[in-house]
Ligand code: ADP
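Single chain ahead, written as structure tokens, the form predicted alone.
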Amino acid sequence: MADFDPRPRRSVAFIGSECYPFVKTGGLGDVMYALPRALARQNCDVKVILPRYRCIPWKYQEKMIYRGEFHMDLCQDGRSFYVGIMEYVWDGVVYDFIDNEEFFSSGNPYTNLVDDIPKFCFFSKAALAALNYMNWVPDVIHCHDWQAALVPVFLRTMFAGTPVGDAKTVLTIHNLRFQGVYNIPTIQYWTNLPDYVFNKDALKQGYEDANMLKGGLDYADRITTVSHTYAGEIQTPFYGENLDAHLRYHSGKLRGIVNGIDCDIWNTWTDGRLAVQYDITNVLDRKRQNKRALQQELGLWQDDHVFVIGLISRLTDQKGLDLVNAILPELMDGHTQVVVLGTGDEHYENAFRYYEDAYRGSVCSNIMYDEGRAHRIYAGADALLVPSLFEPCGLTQLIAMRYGTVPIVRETGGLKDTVQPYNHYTNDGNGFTFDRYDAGLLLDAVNRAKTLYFTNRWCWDEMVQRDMDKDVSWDQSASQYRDLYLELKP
């Protein structure tokens, strides 16, 4: 039973394109699952609205309950479409799935822009129409990424005089790179939105394109993104993906709230994938056992006295792997082992295979994704490398800390917000950091970590315990969202 939350109860509708366990392609799916559950524990009334894709596993589909259906006008020429509502209730959260064979019958949630634009124009309007149909008017509608970015635009125009029109809107940016950009006539046709929303302050981009995310940012009451630092970074040309000026204009309603992780899934005491389970009271001894088991599993030299560095990542430029590539030979000093897990760009996959071959027994490159092995690397490594070029939030550094593995990160986005650099004068901090995107600075950060590990193990062990003690759950983030909703609807 959750503690009583004295703040007034608020009702929130989440609208987005994916949600674990029904359908997930990335971090958005995790957020759409974890944040509503955390809010429900904090005395919020939560509904999640999703498309009913055909690819949702049958074990969920067969438990959905029919809530009703209607036809909805959508297009400029008066074309209307069927909207069905199927409901699934789980763990205090109500999931309503928008049903339409024409839009959601393909295998994957995202296919190509030509099909995705009409699909998410329909979904954004149908989600609002469904709320009116069910007579469930939330205090706040919380939309996610470009796929739901037209919700605030529809709400302030076509739904202005309807019951749901009283709701306030929050739009969260998870990945600014994807914006839903297409020519104006197509988006006009599929939305029938009034001409005035296609001006340069709202949807219009360049001479002939409409940008769905840009329109949503303009019409939303609040904009959030997944860390405080990233909220500042996206207002600069380097990180802003051509929307930096627009975000600077709206900076008064923009804020960053860092994500959490699911502490039931990532729990060292109950994690059945580990060689030995542990908690903060016995981490120092049992982490050594997990390290030995990891070395054995991966064919590395078995030695308690080497420094094991983990790297669990998509193998792409964004993740800073060119820096890792540049320094890896210099890490091979006989006292260091490197374990890589992930797939991605071919040249990185090949580079890590080469290093495994060249430094057999000291480097293991797992060019695949294996969930169980990821858990064992988090538990068995001494440090985890996250040298990203940009990282809106980042979850690997949070998981690493939960598992008593010290993060070595670049100071960008959520990495900067969650990892406090170690200070050897005061013996505080919970990781090692570097600022400029530079291979030499990464090498320096790794060497500082190794120096502490080998010459002052007492301080290193204290940091391991501090990391395990850090609250990286969703509760803190959910509480900040609660306060944001209360600010919008006092």
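In this text, the rigid core denotes the largest set of C-alpha atoms whose superposition between the two forms falls within 1.5 Å. Remember, predicted model here, so these are calculated numbers, not experimental data. Don't overthink the numbering: it's just position in the shown sequence, from 1.
The same protein has a further form, the form predicted together with the ligand, not shown here; the description that follows concerns it.
> Work out which of the listed stretches, 306-314, 328-336, 356-364, 203-211, brings a heavy atom within 4.5 angstroms of the ligand in the model of the complex.
Selected range: 306-314.
> Given that the ligand is left out here, which of R376, R410, K125, K319 has a heavy atom within 4.5 Å of it in the model of the complex?
Selected residue: K319.
> Tell me, which of Y189, Y249, Y369, W136 has a heavy atom within 4.5 angstroms of the ligand in the model of the complex?
By the 4.5 Å criterion, the partner-contacting residue is Y369.
> Any of the heavy atoms of K470 lying within 4.5 Å of the ligand in the model of the complex?
No, no contact at 4.5 Å.
> Can you tell me if N290 lies within 4.5 angstroms of the ligand in the model of the complex, counting non-hydrogen atoms only?
Close contact is absent here: in the model of the complex, N290 is far from the ligand, nothing within 4.5 Å, heavy atoms only.
> At 4.5 Å between heavy atoms, is G180 in contact with the ligand in the model of the complex?
Flag for G180 set to no.
> Is there a heavy atom of I399 lying 4.5 Å or less from a heavy atom of the ligand in the model of the complex?
Output for I399 is yes: heavy atoms within 4.5 Å of the ligand.
> Enumerate the residues of 167-182 that have a non-hydrogen atom within 4.5 Å of the ligand in the model of the complex, in sequence order, or give none.
If the 4.5 Å heavy-atom criterion is applied to the ligand in the model of the complex, 167-182 yields nothing.
> Is T343 among the residues whose Cα moves by 2 Å or more between this form and the one not shown after superposition of the rigid core?
Yes, the C-alpha moves 2 Å or more.
> Quick check on R273: with the core superposed, does its CA move 2 angstroms or more between this form and the one not shown?
R273: C-alpha displaced by 2 Å or more between this form and the one not shown.
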